[in-house]
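Quick heads-up: it's one chain on its own, the form predicted on its own, in structure tokens.
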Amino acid sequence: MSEPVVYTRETAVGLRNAIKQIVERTPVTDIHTHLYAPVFGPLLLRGIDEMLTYHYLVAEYFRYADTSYETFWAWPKTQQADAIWKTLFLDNSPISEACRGVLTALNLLGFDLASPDLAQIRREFARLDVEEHVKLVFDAANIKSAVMTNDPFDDVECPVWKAGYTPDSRFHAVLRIDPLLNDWEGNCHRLQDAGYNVYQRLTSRCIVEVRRFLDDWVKRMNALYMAVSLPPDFVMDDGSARACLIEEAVLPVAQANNIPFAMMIGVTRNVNPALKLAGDSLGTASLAPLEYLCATYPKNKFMVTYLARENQHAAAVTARKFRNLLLFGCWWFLNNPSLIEEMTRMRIELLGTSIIPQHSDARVLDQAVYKWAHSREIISRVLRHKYADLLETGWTITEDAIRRDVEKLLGGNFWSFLQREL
């Protein structure tokens, strides 16, 4: 049996490479994505045209192009992708994170970028069947499993579940309930159509039926948690249907099933409606609703990520106060290297390794490759500096300790919080 590798202040040479290798080689549980198991068919977006027409790049394209919104949206997807490729990658250097991400993904998936040919890239993606494509991406990103975002109101997705979904060990389910919480009045008819005796007025009998709906879907999906995206003005003391449903339906069902309620807070929808999905923005939120929920419902488990940079320090401080709260990821507009590094450093300084530093939020399969490649590099760099700080105190670090810490950060904390084993 070999002796454990130990690093001290005097023998720190090699620590950098050890950390990098451990972070790269440790498989990740990607705890929040918009990916789907192959059985969900067209919901699993993949390939170069999906990457190029993703809303990150669409919004950036309109920073340069004088094309009208109406003209762009009338084009077929391949023509949109051609225009974005020419404008963002050929006419301008692709140095934004969204553009660099496409190139990182292509590079790690084996494409030659010395003289890139978009038509050839399309042909090579077209040769991949869905199973080959999933394996290629999961291997390149070193993903052990991905957590989906599952909408029981989606007309394409719902029939797959009702037909008797056969679990795929690579993909775990999450019950996403945005329509229920953010527009009860506009969506309660969907529960009625599904056979639940509900009405716009949230009576006690109606609440019982909403609980039954949630419990049915949690069990049908074997959902790891329930999740919702919330606006920056989200509060719990406004007498709204949303606040009532959270307290009277969501939290009781979550507790009964021993699953967390995950909140992604800070989205401002349709700032520019002409951009469609690319037209959403953000706002700074109050921490008061989160503090109220964690304090009032200590037997419930909560997960949270905020969209505004201005919320990150307060969120980390709040996580120090409540052990039933798991802070996760650098979401959407925060998924930029400078901000990921700032947030990861600050969170580790306040919370040690008791966080989930990142999730991919990938909506296109291939995006997971670049998001994890870029994030692993940042996580390695932050850990290198933090371990170096420890060595300066005279403390010693073993490679086993580094592996333990990295395994927690890349998924172990999530499974422990859920009290489940992968």
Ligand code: RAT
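These figures come from a predicted structure and were not determined experimentally. In this text, residue numbers run from 1 along the sequence as written.
One more form of this protein should be noted, the form predicted in complex with this ligand, which is absent from this view; the next part is about it.
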| property | result |
| --- | --- |
| In the model of the complex, segment of 349 to 357, 382 to 390, 26 to 34, 65 to 73 with a heavy atom within 4.5 Å of this ligand | 26 to 34 |
| Partner proximity in the model of the complex: residue 374 to this ligand, non-hydrogen atom cutoff 4.5 Å | no |
| Contact of residue 135 with this ligand in the model of the complex (heavy atom, 4.5 Å) | no |
| Any non-hydrogen atom of residue 361 within 4.5 angstroms of this ligand in the model of the complex | yes |
| Touches this ligand in the model of the complex: residue 331 (any heavy atom, 4.5 Å) | yes |
| Contacting member of 150, 344, 229, 311, with respect to this ligand in the model of the complex [4.5 Å, heavy atom] | 229 |
| Contacting member of 189, 219, 170, 269, with respect to this ligand in the model of the complex [4.5 Å, heavy atom] | 269 |
| Residues within stretch 285 to 313 having a non-hydrogen atom within 4.5 Å of this ligand in the model of the complex | none |
